[in-house]
Each structure stands twice: as C-alpha cells, then as structure tokens.
Ligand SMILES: Nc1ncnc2c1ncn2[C@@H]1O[C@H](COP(=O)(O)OP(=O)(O)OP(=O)(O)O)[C@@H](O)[C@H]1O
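Shown next as structure tokens: one chain only, the form predicted alone.
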Amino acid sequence: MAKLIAMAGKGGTGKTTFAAMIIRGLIESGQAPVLAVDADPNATLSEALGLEAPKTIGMVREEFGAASGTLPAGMTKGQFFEYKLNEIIVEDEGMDLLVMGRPEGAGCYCYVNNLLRGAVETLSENYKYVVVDNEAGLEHLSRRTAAHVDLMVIMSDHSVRGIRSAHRVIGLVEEMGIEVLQQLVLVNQIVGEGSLTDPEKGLNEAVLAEAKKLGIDIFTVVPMDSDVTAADLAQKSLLDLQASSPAAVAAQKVLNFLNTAT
C-alpha cells in the first residue's frame, strides 16, 4: 500500500510549491512511481510540475452523472468511474498526476466522493507514494478520499497568523477524526539558508513566541529560494531544480524524517 503525504495549511503558504519539491525528492531518491493528487479547486500543482491536465475529476463527476443511466453493458458504476479516472491520469517519468478540479453542477456529490475514495485506494496500490496537495481547508480529507495519512505537512508562512492557522489545522484534524500517523509544521519564506540547520534561527521573535504558546513544535523552516522564483517566472518545472536548492534540501529533510519514522 502506498504511503500518503498530505499538504495542509492556509492559502498562500507555499503548499503547492513544497508538494512539488516533495515529489521531486521522492523521484530523485528512487521512490517512483509517485501519484500526485491536486486536491485544490484552484489547481496549480500541474504547472509546478511542468505538466498539462486537460481534464479533472470534477469533469468526470459531471460526465458520470450524465451517463449513469446509460452505463456500458456489464460494467458497474464503480468500474465505470474507475475507468473514467484512468482516462484522465496525466503520465510522466516517475509519476502520474490526478487533478480534482471542482464540480460544475449543483447537488450532492457524497455518493461520487465515496466512489472516488475507493478508486483512489485502488489506484494507490500501483504506487509507492501518494502526495496530495490540499486546498486551504481540509475539505477533501474530510470526505475521506484516503483511508489514512502517513504524513501531514502543515505549512505556515512567516507570520503570527500563519502559526495560528497551523494550530487550527491541527485541531481540525483531531475534530474530524482523520487518521494521521505523523504531522510536521513547517514555516516557509524564511530569509537565510542557515536556518535549515536550526529551525529557530531566522524566525521572528513574535512568530516563535506564538508557536511556543500554542505548543507547536516547528520541525524545520523553508528558506526563500531564488531558484524556485526563477523557475516560476520562466514557467519551468520545479522537478528540474538542483538537490542543493534550499527548498529541495528542506523537502529532503521531511522525507528523511518519514523514512526514519516509518
């Protein structure tokens, strides 16, 4: 069964960028194949990975609703849904990509979300790792699109509000009863690469004080990375960044923890 890594945190904290760096680290360390799932309605993970995703799961849900009365002979609803999902998987070297998108029509998608959960669990059997880039909340996790999360990476920006938001995410995970084996809090957009070896180095005193007050143990920080900025401006894949890139080093630190913890 694949290990599932889920990104969480408020909007603008760099979840998508760091998800791409995690995927990059997994591929480079020989952990392919990886299934990347863009679970943010404002889907941008494909761009970070240098891929195009013309169809989304949201579109499949609409097609499924329209075709549910005329299923192919001998095919159940679950089989048909899984077939349609396999049609929209974007394949690339070392990884595949599924984009959730958003439903275009009105109505409840509870039944289809149950099908999606089963399909993702089935698909996961073909991968070593599944990396899920979530939206700002935990809506997709609350729908149980996965049985459990091996590692939840909670991103915060370098602000007091970011730390408070990370704290709310931790509480929401407990409230919803999501099975999370390990969770780490990272603070992004820190000035100075030296902070990688000492998480408290470079942190604003108010941010550090708020984290301590809320009982948050900051696992590591992610320095501002000019290589990431340059790749974004040139619209290049973050998978091509060098292993020495500060963001890549931070991602590898997370993966080292996961390998040690499990």
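From 1 onward, residues are counted along the sequence shown. Predicted model only: the values in this text are computed from it and were never measured.
There is another form of the same protein, the form predicted together with the named molecule; it is not shown, and what comes next is about it.
Under a 4.5 angstroms non-hydrogen atom cutoff, the named molecule in the predicted complex lacks residue 52 among its neighbouring residues.
Using a 4.5 angstroms limit between non-hydrogen atoms, residue 32 is distant from the named molecule in the predicted complex.
Contact annotation for residue 159: none of its heavy atoms lies within 4.5 Å of the named molecule in the predicted complex. The named molecule in the predicted complex is approached by residue 10, whose closest heavy atom lies within 4.5 angstroms of it. You can rule out all but one of 53-61, 228-236, 22-30, 207-215: in the predicted complex, only 228-236 has residues with a heavy atom within 4.5 Å of the named molecule.
Interface residues of 11-49, taken as those with a heavy atom within 4.5 Å of the named molecule in the predicted complex (partner not displayed): 11, 12, 13, 14, 15, 16, 17, 40, in sequence order.
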